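Below, in structure tokens: the form predicted on its own, a single chain.
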Amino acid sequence: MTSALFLAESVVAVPVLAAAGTAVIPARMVQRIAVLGMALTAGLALAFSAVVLRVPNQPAAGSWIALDALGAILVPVIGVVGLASVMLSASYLRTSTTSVVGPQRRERIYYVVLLVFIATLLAVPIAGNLAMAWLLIEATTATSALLVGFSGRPRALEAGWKYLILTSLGLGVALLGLGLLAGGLPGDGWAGLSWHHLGHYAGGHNEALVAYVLVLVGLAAKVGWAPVHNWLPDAHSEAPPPVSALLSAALLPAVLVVAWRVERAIGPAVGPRSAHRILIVFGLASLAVAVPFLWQSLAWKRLLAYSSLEHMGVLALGIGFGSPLALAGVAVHIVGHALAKSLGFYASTPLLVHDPRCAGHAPSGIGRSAPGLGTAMGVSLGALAGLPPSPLFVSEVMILAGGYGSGHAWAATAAAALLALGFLGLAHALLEMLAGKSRRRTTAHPVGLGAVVALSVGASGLLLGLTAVAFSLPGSALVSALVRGAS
């Protein structure tokens, strides 16, 4: 695992160095250096995943860095989405006219903060220590709050402050639980809160349960699970589209991975059934809250935001069910959701040029007025709705089947009903967006449309490939590693 350790360190260091470079180089080179740095980062992330997944059943966990299957799934997702977000940021900056900083420093500051945000995101799933993971999650809050309000519009600033305050309050609750855990663990300092040491919690069952609930509730505020999701719709809809893609496709699952590691480390002390039931409750609550909004006529980015709430609920259910089939579905769902959701947010930049009213109204007739743009949006929303052959349809079936197989028939049945309702809502939005009444549009050429169409072609191929891979995952070494870690 020496090469994996080197890659893990490099994948965090490179975007930090790129951020430092963009802070000092001439303004004309800022965008190119940012893209170059993220291209190298994405390559390192894919190499890291390949090295770790070569022997997924032999994880390496130290006091500071964890090299396991969870990190191998998420690190390349963050790297690839980060690269796409940096590349498409140029289109956003050309179409946006306002910001919280002066026009001379606008591009430089945007890329510096974006690269630091990506670096901290990459560090979260490879953190080998709960205390370090908590600090890194807090760091993502600071950087991403700046990006959410970057446009300087009143609604964006309000969303940024709301996000900062609510998630910081949640992380404060998690810090209290972390302190309770530290009191019942051997070892001193941060090393005592490594994932390995958490499995040796020596406190009583009740103390472990209280600490676990506090940590999970605190992290839920950052994952966006209901009922502590209030920041999510505003932040996702007001942030720059490349940032919205990172928030939904990378940040939410990165924090979810930390919650998953807490569950499997503390689960024996809490009791596996109790630990799983709490996650199932979060999952069902998130689905129940999201579905009514998915039936409403919402602006494009706000619709995607509530879809994120639904899909984070699906992931919570899969982890809570805990069976091999359900965990295989979780792995597929993380990757499929990232591909589909990021494409949807990237499409919002040319969408708002094509039809500025879509900033506050549901898109209608885009498939007629701009077929290329409508195709990209259709690929995204069709996949998110679970329309076959979307890998999200396959992963949801796997998770529900895993729920029945693990003895959670009541939860799986409720989830199936809620997912069916959510599908109907998103399917209606998809039909309206593609074939609804076409409104009067601007004649301006949508900035960034060519890049989004190209991404939709690549994403379609990757989504279909993921669907094919999903059928071979049950019984694989990857799923075996996830199950062993969760047991």
Partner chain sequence: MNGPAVWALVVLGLGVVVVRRRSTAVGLVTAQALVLVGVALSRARTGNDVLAAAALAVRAVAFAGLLMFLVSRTRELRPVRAKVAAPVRAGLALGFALALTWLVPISPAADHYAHQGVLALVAFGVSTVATRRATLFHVLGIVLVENGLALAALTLHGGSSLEIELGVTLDLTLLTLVASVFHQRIFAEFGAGDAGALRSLRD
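Source: prediction; values computed, not measured. Residue numbers count along the first chain shown, from 1.
What comes next is about the form predicted in complex with the partner chain, which does not appear here.
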Requested in this report: Report whether all of 421, 425 and 483 sit within 4.5 Å of the partner chain in the predicted complex, measuring from non-hydrogen atoms.
Outcome: no
Query raised in the report: So, in the predicted complex, is residue 353 in contact with the partner chain at a 4.5 angstroms heavy atom limit?
Result: no
Query raised in the report: Within a 4.5 Å heavy atom cut-off, is residue 168 in contact with the partner chain in the predicted complex?
Result: yes
Query raised in the report: Should residue 293 be counted as a contact of the partner chain in the predicted complex, where contact means heavy atoms within 4.5 Å?
Result: yes
Report task. Evaluate residue 410 for contact with the partner chain in the predicted complex, applying a 4.5 angstroms cut-off between non-hydrogen atoms, and reply yes or no. Result -> no
Query raised in the report: Quick one: which of 233-241, 282-290, 249-257, 263-271 gets within 4.5 Å of the partner chain in the predicted complex, going by heavy atoms?
Result: 233-241
Query raised in the report: Which residue among 362, 217, 87, 146 has a heavy atom within 4.5 angstroms of the partner chain in the predicted complex?
Result: 146
Query raised in the report: Taking the partner chain in the predicted complex as the reference, which of 405, 227, 179, 199 has a non-hydrogen atom within 4.5 Å?
Result: 179
Query raised in the report: Which residues from 159-178 come close to the partner chain in the predicted complex, meaning a heavy atom within 4.5 Å?
Result: 159, 160, 161, 162, 164, 165, 168, 169, 172, 175, 176
